[in-house]
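Below, in structure tokens: the form predicted on its own, a single chain.
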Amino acid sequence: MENDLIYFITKHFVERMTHFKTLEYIKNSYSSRICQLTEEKKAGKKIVGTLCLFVPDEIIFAADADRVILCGGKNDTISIAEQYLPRNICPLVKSSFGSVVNNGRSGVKSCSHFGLVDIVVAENTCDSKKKMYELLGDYVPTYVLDLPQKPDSLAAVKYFLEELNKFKGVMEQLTGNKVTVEQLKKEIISSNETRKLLHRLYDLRKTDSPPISGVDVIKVMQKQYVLSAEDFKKALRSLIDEAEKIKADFKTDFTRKPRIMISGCPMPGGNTKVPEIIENRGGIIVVEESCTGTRSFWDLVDESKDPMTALAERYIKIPCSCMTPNDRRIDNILELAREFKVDGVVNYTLQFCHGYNIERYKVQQALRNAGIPVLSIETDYSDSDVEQIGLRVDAFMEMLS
């Protein structure tokens, strides 16, 4: 009887893995995307590099340009960046800058897409990024979108609308194409379709036995701004179909794992250290309150309004830690914890990311008042603290079990 149960459990997990053909396509799609971008560039299409959610894709696509993310999540380009930047700043900023200026120097392999962009459209979210952009402009044309940082006011929306209109003009000048109201509306509808698909994917994680691991979802989300918008949407539909079939076939899991939310800093491609530790140590990540997670898609753009106004209103609501006051983020964390029935929250921050590090206190306070255990982890992109983090996660999981 025991051997039969072991066989059934093993078969259960193996069959889950073999159903996710789309997941493997998404994970291994980088090379084909580089070929696609290279062909687009040869045909005269402009490629825009972005580093933040505050830059609306809809305006880029309405100008008939393509977009790719430039956020660095790898440790091996940081040493290059430190020739220009201080060591005691955020690893995401250093990794991103190092990837752009590297161009194959020093025997460090760079991601190919960094060299394909015609312009970087950056945003003023933190001091380290803002000053890094001043150096970045020596290597690639860089346009900085300014952000009002008190978002809950009419003045903030008005100011951000002015900034988006300037950005629209930059895109028109870059591409030679007029950004029309009709094209903007079309791209808003398309982007909202992607957001709705991501809601469907995340809804599947609300079940007692999520059909897809948190690490896998994070890797999917990391490809959101690497793949073309249409390819990502197509892949999402297939992935959801596969996950729904798994959910229907396997209604019961045999071990109740602690349900974890990760909250905090972005996790760009190459950076899954902490999520992997959590799931390797017995947890299951069911939701991410981060730019790699819910912040990227949770709110739709109002399709009934003037498109530029609707974009300004939607994007200014993103609860980045650069905003003040940032009560919206605290409310979102508590709502997500309830909606996804989390047992505990891992508050994840990158070293020297002062906004999220300082905001940690209010996050911890709100979660503890709600009776939700929280573990705060501050780290970088290196593997030097893997064992230390693992021990802390072990203790956290034991407490939740």
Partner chain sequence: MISVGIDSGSATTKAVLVIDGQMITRNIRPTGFDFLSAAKSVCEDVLSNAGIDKKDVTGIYATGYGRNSIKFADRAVSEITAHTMGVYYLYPAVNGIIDIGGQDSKIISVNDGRVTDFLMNDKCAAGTGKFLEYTAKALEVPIEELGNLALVSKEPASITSMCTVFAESEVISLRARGFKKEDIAAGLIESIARRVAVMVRQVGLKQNVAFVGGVAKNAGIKVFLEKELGISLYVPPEPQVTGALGAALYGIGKNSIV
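Residue numbers count along the first chain shown, from 1. These numbers were taken from a predicted model, which means no experiment stands behind them.
In what follows, reference is made to the form predicted together with its partner chain, a form of this protein that is not presented.
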(Q) Using a 4.5 Å heavy atom cut-off, which of 338-346, 47-55, 27-35, 370-378 contacts its partner chain in the model of the complex? (A) 370-378
Q: Please state whether all three residues S384, G390 and A395 have a non-hydrogen atom within 4.5 angstroms of its partner chain in the model of the complex.
A: yes
Q: Answer for R205 alone: is it within 4.5 Å of its partner chain in the model of the complex, judged on heavy atom distances?
A: no
Q | Contact label in the model of the complex: R281 to its partner chain, heavy atom within 4.5 Å | A | yes
